[in-house]
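Consider the single chain below, provided in C-alpha cells and representing the form predicted on its own.
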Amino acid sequence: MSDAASAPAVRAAIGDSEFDRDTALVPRGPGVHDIDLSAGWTIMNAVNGGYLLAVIGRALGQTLPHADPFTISAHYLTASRPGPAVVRTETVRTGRTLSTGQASLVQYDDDGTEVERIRVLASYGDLDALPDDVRTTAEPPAMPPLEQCVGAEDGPAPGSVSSPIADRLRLRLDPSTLGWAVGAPSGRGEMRAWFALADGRDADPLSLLLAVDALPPTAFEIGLSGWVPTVEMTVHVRRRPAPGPLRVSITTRNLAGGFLEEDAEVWDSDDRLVAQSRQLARVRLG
C-alpha cells in the first residue's frame, strides 16, 4: 500500500487535531490545570506514557517563559486511567536561554484520595534560536521505505497492539522487527517504525514526546509479552521536526532483574535527529 493511499484525505493542522484537543488543558488558577484524560490513548487499559508526557509538556509550555521542551524527565509513580486529572506546574528557574519547571499529574481514587501519577522536571528553550552547526556520527536507522513496512491496514493487528491508541496513530513497522507478531521473535531488542498521527497532523516538539513511546515495546521482540510499564523516561528534543512522517528506532541492550532500558531515536523527513529518549521499564518474567 502506498503512502498516498494510507494518508488521510484531509490533513489536520497543528493546533486543530485530535492530539491537540486531547492534550488541551483548562487553567483553574496559577499553576493548576484541569484535563480529562482521553480513553483514546490507552493501551491495555492504561493511558500511554508518551501521551501523558505530552499533556504535562503542554502545561509546562504554558507556564514557563520558553515554549519548547529541551529535556523532560518523568517518573511514573502509578498507572493513570482515563478521566479527570489535575496538572500542577511550578517555575523553578528562569534564564535567558533556558527555563526550568516541575510538574505533577494527579488523579483521585473513588474515595476522593489524591494519587500522584507522574512527577516531572523539565528545561524549556527556543528551538528556533539554536545554531545550525551539527557535528554528529549518528545516522538515520536503516529501514525499508514506508510503503514496504507493515501497517494495521495490511491485515489484522496482533492482539497486543489492538488498543485505542493504535487508531490514533499511523504506524508502519519495519518487517524485520515484527517476528513477535507471528510467534517468531528474533530475540533482538529492536523496534523500528514510520510514525505519524492518523489525522495527518505534522509533528512538532510536543508530539515528539508521544512518538518516543508509541511503538510496541522491544520486550515483544525479545520474546516476552504483556504490559511493560515505564518507571522513568527522559526525552531530549533536539530540533523542530520538518513536515512529513518520522522514523523511530528503539533498542534494548540489557534486560536484568526484571527491568530493561529502551533507547529511542526519532528522525525527521530531512534526515535530522530531532529527539532522543531513554526509559527504564519493568517486565514480567516467566
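Just count from 1 along the sequence shown to find any residue number. Only a predicted model underlies this, so the values are computations on that prediction, with no experimental measurement involved.
Absent from the display: the form predicted together with another copy of the chain. The rest refers to it.
Of the candidate stretches 208-216, 178-186, 146-154, 121-129, only 121-129 has residues whose heavy atoms lie within 4.5 Å of another copy of the chain in the predicted bound form.
Taken together, the three residues A46, T113 and D174 lack any non-hydrogen atom within 4.5 angstroms of another copy of the chain in the predicted bound form. Although the partner is absent here, N254 lies within 4.5 Å of another copy of the chain in the predicted bound form, judged by heavy atoms. For the chain shown alone, E90 is a contact residue for another copy of the chain in the predicted bound form, at least one non-hydrogen atom being within 4.5 angstroms.
For the chain shown alone, P243 is not a contact residue for another copy of the chain in the predicted bound form, no non-hydrogen atom being within 4.5 angstroms. Heavy atoms of H75 reach within 4.5 Å of another copy of the chain in the predicted bound form, making it an interface residue. If you take 260-283 and check each residue for a heavy atom within 4.5 Å of another copy of the chain in the predicted bound form, you get L260, E261, D263, E265, L273, Q276, S277, R278, Q279, L280, R282, in sequence order.
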